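Form predicted on its own, single chain, as structure tokens, below.
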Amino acid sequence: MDQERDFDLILQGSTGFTGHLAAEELALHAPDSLRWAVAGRDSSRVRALAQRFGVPAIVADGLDKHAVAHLAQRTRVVLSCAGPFSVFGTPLVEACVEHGTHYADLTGELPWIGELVVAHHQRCVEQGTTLIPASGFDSVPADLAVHAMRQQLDQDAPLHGFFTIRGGLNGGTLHSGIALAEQDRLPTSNSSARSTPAVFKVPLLKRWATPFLMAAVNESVVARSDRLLSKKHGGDVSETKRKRSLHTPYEEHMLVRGRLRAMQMKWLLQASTGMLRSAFGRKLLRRFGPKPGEGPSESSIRNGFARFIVVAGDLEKPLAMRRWDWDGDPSNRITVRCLVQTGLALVAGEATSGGVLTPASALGDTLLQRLVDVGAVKEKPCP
């Protein structure tokens, strides 16, 4: 990559609700030497945000190929909060590939990620350009935790991930979901291939498991990490584990108190999916749900959390358990902390290779340590 560029990092989609949070996170944790800028399609809002943080403003509509090409040419790394990514992300990714600019975003749009892999992976491998979609709450916490557990194990074992979360919904996330539904691209879990029922008791954790909204996305990202890591040369012990884990299943769930609550959460997820798949349901969500640019209160974001427990082996007699506690609202605070640290790692040259990669396959332990260092996550003893 040409080092003589105007910026180290540009944050695209900075004027939305999540983009504002990402800009705040960058301002808080960026090294003094980092040359960064904010970008978006609304000139007045971008300039106001830039003035707030004392950084340059770049006006670039995600659908304007010339504008995003110029943006990609000027920086070493692009971070994007401008979703729905299947609508606004493709021209920007194409520009990053063309100009050898590293890229990461917050997408959980599996079909679009698949299209990026087909269209750009091989070229990015050859030129050393790293693209890391799904670099937010979807799917950094799950991908890094499973990666850490894979490295610890010395034998083949199925893995189960259990999330406990508290947080709110922002308008950008909701309207990305609506856009996916209109394209008939909502992620779905392959329930017939799962080893567990939709709702089941987990005595080990003194909770009940119920379907988790983002399980399909996280399971897919984890599986891709396994495939990518299994192809890396080395022949050491960790490489042997990676090859073995390629065929080891990973399933993800949400944890709640009591069977009734677990059933309620299952029905709520089914109802929400049904509304998204229905034209009338989407109309109601647009009318009564948060609008783009809206989100939870500062108090709600601050008081949210995510706890993630990975269990290896039999759920009755596990081989190993590990727990990570994440600070803040998952869809807002956690997601931007993951994205920002991914971007700073790319600026620092910490990616292991080029390609359309996953958080674990691109940055692995390095990214996890960054998140620990800024207080985003702590590993805790398991119950």
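Here the structure is a predicted model, which is why all the values come from computation and not from measurement. From 1 onward, residues are counted along the sequence shown.
We do not show the form predicted together with a small molecule, though everything after this point is about it.
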item	value
Which of 275-283, 167-175, 144-152, 94-102 lines the interface with the small molecule in the predicted bound form (heavy atom within 4.5 Å)	167-175
4.5 Å heavy atom contact, A351 to the small molecule in the predicted bound form	no
is_contact(T335, the small molecule) in the predicted bound form, heavy atom dist at most 4.5 Å	yes
The small molecule contact in the predicted bound form: S361, any heavy atom under 4.5 Å	no
In the predicted bound form, I132 touching the small molecule (heavy atom, 4.5 Å)	no
Partner-contacting position among L34, L319, L63, A48 - heavy atom within 4.5 Å of the small molecule in the predicted bound form	L63
Residue among P292, G128, P158, G114 with a heavy atom within 4.5 Å of the small molecule in the predicted bound form	P292
Check all three, Q12, F88 and E109, heavy atom within 4.5 Å of the small molecule in the predicted bound form	yes
